[in-house]
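There is one chain below, alone, in structure tokens, taken in the form predicted on its own.
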């Protein structure tokens, strides 16, 4: 293990087994991936059917689910049974298999992005040298799923939703990545474990208390830009143009029901958590937090849930933009500011070097 590379979760599992060989490495990778995926799916199951309703109700002074189980928690299995037991309706004229593949790509791309995210407590499926670039690339696969769903549905509202989704991702993904690159200028590495390790250094010590060198403290302007672009990337207000219920019924997902609707819904919330995970990795020290290193997974979970709470606040409090405003802010505002931040960061890093 090199100084820049941590022991991954599958490697830790393989080290605990009394055997060795290729089959052990494959088995360890499968077990590690299975455990991480189920951890994420469990969080999503709580976030989607239950927490979303509870949080939105609290923000809007309403009563949320409270009939099924304590605080309505049994709504989670009830919704799963209800949705999965519905009839799968396939409209006439859809273009299969594109219509079938679209809903699968959305959760798949989000789960794939988590493969390189250090979650703390030794939980990281892979640690390649191009880690953060891989996370951005994996999350971008969802755009392909959205345009496939919109095109293949044989529905003008779905087609418009798919086109808006592509316009959204192009307009805001460039500022998102460029802002992420400004962090790479500080670290000199794309490896996610290195980015997290760099933020463990103390930034300043006041009265015996050390403030960590989180890049949200070092460059708060970049963190603000990244957070706004991240909102657009996960499709939350004021950037939920691809779905826009008042204009497009449900946009790209109009013609989907039953298990396919569950996959779309699942992918949407995993992507919110992935957005929070990337933001935490780049700007908030990853799984770092007070206490022993064993609490890393706890702090990581708290950070991605904090981002989820922020997206739900935005959904409840901020009105949707018009599509022309949406595009104008992306190209004339976010893009210019992200490149300005990149140039300024390069100058600062060059001076400090």
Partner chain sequence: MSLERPDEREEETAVEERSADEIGELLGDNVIGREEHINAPAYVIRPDAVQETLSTLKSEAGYDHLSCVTAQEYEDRYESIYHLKKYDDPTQEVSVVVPTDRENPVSESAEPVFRTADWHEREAYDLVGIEYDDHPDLRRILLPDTWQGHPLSRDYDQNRPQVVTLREHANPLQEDYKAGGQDSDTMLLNIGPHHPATHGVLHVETVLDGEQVANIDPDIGYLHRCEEQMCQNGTYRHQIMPYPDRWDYTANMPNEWAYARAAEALADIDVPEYAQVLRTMGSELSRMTGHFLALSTFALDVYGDFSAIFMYGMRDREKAQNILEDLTGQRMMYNYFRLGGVVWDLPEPREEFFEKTRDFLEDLPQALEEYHDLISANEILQMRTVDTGVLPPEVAKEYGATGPVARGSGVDYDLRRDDPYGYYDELDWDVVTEDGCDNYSRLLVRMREVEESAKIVGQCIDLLEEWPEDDRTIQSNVPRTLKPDDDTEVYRAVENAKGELGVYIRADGTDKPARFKIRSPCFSNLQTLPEMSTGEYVPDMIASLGSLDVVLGEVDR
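Positions refer to the first chain, counted from 1. Since this is a predicted model, take the numbers as computed values, not measurements.
Here the subject shifts to the form predicted together with its partner chain, a form of this protein not shown in this document.
K.L.:
I need the one stretch from 292-300, 65-73, 315-323, 30-38 whose residues put non-hydrogen atoms within 4.5 angstroms of its partner chain in the predicted bound form.
P.N.:
Going through the listed ranges, the match is 315-323.
K.L.:
Please run the contact check for residue 157 against its partner chain in the predicted bound form: heavy atoms, 4.5 angstroms, yes or no?
P.N.:
Contact check for residue 157: yes, within 4.5 Å of its partner chain in the predicted bound form.
K.L.:
At the 4.5 Å heavy atom threshold, is residue 85 in contact with its partner chain in the predicted bound form?
P.N.:
Looking in the predicted bound form, residue contacts with its partner chain do not include residue 85, since no heavy atom lies within 4.5 Å.
K.L.:
Contact with its partner chain in the predicted bound form for residue 122, defined as at least one heavy atom pair within 4.5 Å: yes or no?
P.N.:
No, residue 122 stays farther than 4.5 Å from its partner chain in the predicted bound form.
K.L.:
Could you tell me if residue 52 has a non-hydrogen atom within 4.5 Å of its partner chain in the predicted bound form?
P.N.:
Yes.
K.L.:
Give me the residue from 227, 143, 219, 237 that has a heavy atom within 4.5 Å of its partner chain in the predicted bound form.
P.N.:
In short, 237.
K.L.:
Within 4.5 Å, heavy atoms only, which of 77, 91, 245, 188 is in contact with its partner chain in the predicted bound form?
P.N.:
Exactly one residue meets the criterion: 245.
K.L.:
Going through 29-59 from first to last, which residues have a non-hydrogen atom within 4.5 Å of its partner chain in the predicted bound form?
P.N.:
The stretch touches the partner through 52, 56, 59.
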